[in-house]
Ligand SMILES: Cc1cc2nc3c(=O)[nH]c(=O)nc-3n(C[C@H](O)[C@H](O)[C@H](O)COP(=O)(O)OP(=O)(O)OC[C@H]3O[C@@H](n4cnc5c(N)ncnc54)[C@H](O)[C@@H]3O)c2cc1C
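Shown next as structure tokens: one chain only, the form predicted on its own.
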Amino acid sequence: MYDIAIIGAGPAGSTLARLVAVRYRVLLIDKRQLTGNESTPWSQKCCGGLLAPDAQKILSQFGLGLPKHVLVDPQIFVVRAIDQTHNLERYYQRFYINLDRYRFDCWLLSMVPATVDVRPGMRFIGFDAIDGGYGIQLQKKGKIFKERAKVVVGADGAASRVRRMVAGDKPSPNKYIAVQEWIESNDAVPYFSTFFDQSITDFYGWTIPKGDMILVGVALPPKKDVVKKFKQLKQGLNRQGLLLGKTIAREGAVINRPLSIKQIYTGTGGVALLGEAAGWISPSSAEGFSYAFKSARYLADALNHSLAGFNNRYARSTRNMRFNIVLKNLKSPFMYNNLLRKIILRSGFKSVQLLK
């Protein structure tokens, strides 16, 4: 029997495995192959692939430095905010590290000690309570595998199956559909551009340059007109003067938006939730890396103390994260309320003037 089974080998799951492997026998499962071989970026995970300052700080606290092969040109120092409703735009100084998300995940996984039993290409089916822990069902190429563990950790993202199995009637974060396209572009500006248009979404759209391509995406409420709204966004970008070339690939994913700390759920008994599975993601920007790393660190501390009562310790240690979610929700109206956003952009508060 394993001490800990972690479902999901993204930033949260791989980080937790690395931090608890010295003390415990760990099983790490992911439906992706994560071999580290060359891969087209859009074949793996729908993600903007930007490492924000908060996430950079946590990596520095871990004593980690990013290898060159996970970086993608250009590195980003300017955010361009565009209010399409009021035809306003401003530039803000920000420092983002531009990543190849697949290679970043493979790098994080490569630091997991060899003592961890890593099972790539396996789909988590479910689990049942048994004496001393949980019986876990997995599937690979149509074949069912069974494992046992004392503790189960769901690090399986916004559509977490682990959460659905244990949360009961606990409120879930609001769901959005992130849709983005990889588009050929020879003249993409080196900005992370954000777009606000209430006729499309009450969240935001974005463009991110990635080498000789550009990511164009938007977070949409899960309605039937997702394709229509995405097309509307692209038409708006054309009116803004962004020349879009051939679409190479389209991808999508469910993302969470916790509008209340009541929607955060860290688990119960011998089952814990990490990262976006717990609801840890910024409700104002949808940034998730920093929350993934922080929740992994706090859960690792709780587990390394002992398996007994770890979930109560984990919940208590995340109080500062819950407060952060509250602050992000207080910030959101200044970004998403039409009138407040108009006032802020017109004022030029904290914006920078680009030199031509």
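Please read all numbers here as calculations on a predicted model, not as lab measurements. Numbers follow the displayed sequence, beginning with 1.
The following text describes the form predicted in complex with the ligand, which does not appear among the structures shown.
Among the residues Y191, F124, F230, Y265, the one placing a heavy atom within 4.5 Å of the ligand in the model of the complex is F124. The contact residue chosen from H305, K331, K45, R322 relative to the ligand in the model of the complex is K45, the criterion being a non-hydrogen atom within 4.5 angstroms. Using a 4.5 Å cutoff between non-hydrogen atoms, I58 does not count as a contact of the ligand in the model of the complex. Interface membership of S284, defined by any non-hydrogen atom within 4.5 Å of the ligand in the model of the complex, is ruled out.
Among residues of the shown chain, A17 is not one whose heavy atoms approach the ligand to within 4.5 Å in the model of the complex. Using a 4.5 Å cutoff between non-hydrogen atoms, A292 counts as a contact of the ligand in the model of the complex. Exactly one of the stretches 141-149, 251-259, 230-238, 87-95 approaches the ligand in the model of the complex with heavy atoms within 4.5 Å, and it is 251-259. Taking the ligand as it sits in the model of the complex, the stretch 73-102 comes within 4.5 angstroms of it through a non-hydrogen atom at just one residue, R101.
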